[in-house]
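Here you get one chain, nothing else, as structure tokens; it is the form predicted alone.
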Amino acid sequence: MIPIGDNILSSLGFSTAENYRAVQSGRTGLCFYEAYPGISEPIVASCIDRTRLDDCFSAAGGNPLEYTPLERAALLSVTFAAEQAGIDLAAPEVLFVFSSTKGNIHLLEEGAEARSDSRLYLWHTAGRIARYFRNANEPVVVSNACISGACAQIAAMRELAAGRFTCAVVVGVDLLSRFILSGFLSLKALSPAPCRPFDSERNGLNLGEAASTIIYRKVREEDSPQGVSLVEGAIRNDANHISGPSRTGEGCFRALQAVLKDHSPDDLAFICAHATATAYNDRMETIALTRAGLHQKPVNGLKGYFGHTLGAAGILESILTIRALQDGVILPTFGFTRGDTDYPLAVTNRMGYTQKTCALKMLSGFGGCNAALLFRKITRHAS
């Protein structure tokens, strides 16, 4: 299936082009916050400009008072992606797939009366997004920890392959809250400085806010498309631990094996890793890539620009992977200086260039879940 529209809404901009340019220029959206509501210590995070969000949502015809900030971000992202795709979102052949880890969980912090609010449920949020665009189909909700964005794309691929729909709107969103921040703080997982993916001095992750959308269409027989296609997707759960990744990278390794079973690693331009900058995640991915014989391929991680955007991460980072593959570039890893010596990877810390036709996107998450996506540049032309 091929992407026909996309959007990234983050601290670095409200369009894919803005975010892509920022990454290419080496600009990060991570900022130091001395105080965050309900949090007792300073944090480094990437946050969406709420004033700009409300202004843009109003300009697009929405009423900010009717929707939560998370819903506004998702709706605006879909609106921008649909403008590029040029499709009728209300059409019966269009499916909405919604990815989030926590949704409107901030409502729990606003008083006991909010705990019975249906807006707390992901199915309700997904329904509100689909109905906003007058789409009557039941949306698909995907919430599988940090691989949610990849799982959502795989769910869309399956629906289009089955012929039930012709287009799928895959939208992922998560915003920060006291609940989310305090949870990661309790795990001692947050870095007090901008994160350093795969660096030997890494000491934790940063969290970020984003809404991202990809609109996919199944490739038809009469098509002779140009661009990049999502050709394979795999999910493997090794069930290692509720929060600790496998020390052998088992699930990640098996996901890589699955997506490459019919494709040559020689065609890989680069690998966009999950790369949270925690000691265990980066080590696990390194081991999995080494086991798969991919440790000499160029590897990058994008969380030094955006932080970990949770349910949006798989979609946001897939969009940038697609853009980079299409342009023949390898994006740099912000924060990386020197890697581990015992399991060396070819991590990129400056812009590179490539003529190869495939790229891998990797994700991992709590509960031992792992996913991999394989994108291929389309070279078929009309006769």
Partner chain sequence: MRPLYVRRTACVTTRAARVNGEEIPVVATSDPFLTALYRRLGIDYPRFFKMDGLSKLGFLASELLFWGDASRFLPREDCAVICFSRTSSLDTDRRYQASMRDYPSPSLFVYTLPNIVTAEIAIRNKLYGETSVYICETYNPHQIFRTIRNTFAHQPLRSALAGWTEYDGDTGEAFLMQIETQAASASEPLLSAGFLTTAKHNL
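Positions refer to the first chain, counted from 1. Bear in mind the structure is a predicted one, so any value in this text is a computation, not a measurement.
What follows is about the form predicted together with its partner chain, which we do not show.
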query	finding
Contact at Lys102, Val140 and Ala161 by its partner chain in the model of the complex, all three, heavy atom at most 4.5 Å	yes
Residue among Ser243, Gln296, Ser200, Gln84 with a heavy atom within 4.5 Å of its partner chain in the model of the complex	Ser243
Contact residue in the model of the complex, from Leu120, Ala292, Leu230, Leu268 (heavy atom within 4.5 Å of its partner chain)	Leu120
Partner-facing stretch of 300 to 308, 72 to 80, 235 to 243, 85 to 93, counted where any non-hydrogen atom is within 4.5 angstroms of its partner chain in the model of the complex	235 to 243
4.5 Å heavy atom contact, Arg178 and its partner chain in the model of the complex	yes
Contact label in the model of the complex: Ser182 to its partner chain, heavy atom within 4.5 Å	yes
Any non-hydrogen atom of Ser191 within 4.5 angstroms of its partner chain in the model of the complex	no
Contact label in the model of the complex: Arg217 to its partner chain, heavy atom within 4.5 Å	no
Those residues of 346 to 368 which, in the model of the complex, come within 4.5 Å of its partner chain by heavy atom	Phe366, Gly367
